[in-house]
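Next comes just one chain, in structure tokens: the form predicted alone.
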């Protein structure tokens, strides 16, 4: 595992500077949304301009470390913001920051789910966005055949191949508290592994380097290990070290079986 997965604890803005230019194929991450989640060491409630500066600093380094055919997937959500809880579209802000740092946008994926709190004074939120950026629109990894899904119509003779394009609207349920308890995980926000598997399969090849600068409980590096990629993860809070190691150990056990 030490040869294929590297975990470091600290501020990702500093740690990213250690990564050589054009050495990473894929970056997948979901930074804090600035809504007061109990992340521990990181205070998830800072002035909006400071949050924008954080994302801009990270995005600038990600562009530098990505290979010419690499991809950056940035997961963000609309959030209630300010005293009146007006909805702030963080994905739009993320889009502007990615464009500012020279990324070309290939897709804005809508990730939908069911298990979330119900609102009483507005429509209940049931989606987040994943912005897919590349350096060059004519040169990037896209393994469509690795992520095809079953055809809706099964008996149409005009349909060929192994399945259809999954489109830019994805349904993956969020990881709920019951699942977290079963997995002995305490991180407040955890990716669904099958969604990250789709991203890793479609935007990287075996032995490529996959990096997550806001690692959290370790989903991205666990998926990278499972799919025979090299994983790098940066996490500010060492309290999640045991969770990350547990998830990597579970993947190793599955691979041996």
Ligand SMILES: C[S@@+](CC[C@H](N)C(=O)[O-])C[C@H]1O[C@@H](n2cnc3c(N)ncnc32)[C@H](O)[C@@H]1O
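Residue numbers count along the first chain shown, from 1. What you see is a predicted model, and the numbers here were worked out from it, not measured in a lab.
Another form, the form predicted together with the named molecule, is not on view; read the next lines as being about it.
Comment: 23-31 is the region of 62-70, 23-31, 199-207, 223-231 lying near the named molecule in the model of the complex, near meaning a non-hydrogen atom within 4.5 Å. Within this chain, residue 248 is remote from the site of the named molecule in the model of the complex, having no heavy atom within 4.5 Å. In the model of the complex, residue 55 stays away from the named molecule, with no heavy atom inside 4.5 Å. Under a 4.5 angstroms non-hydrogen atom cutoff, the named molecule in the model of the complex lacks residue 51 among its neighbouring residues. At a distance threshold of 4.5 angstroms between non-hydrogen atoms, residue 236 is in contact with the named molecule in the model of the complex.
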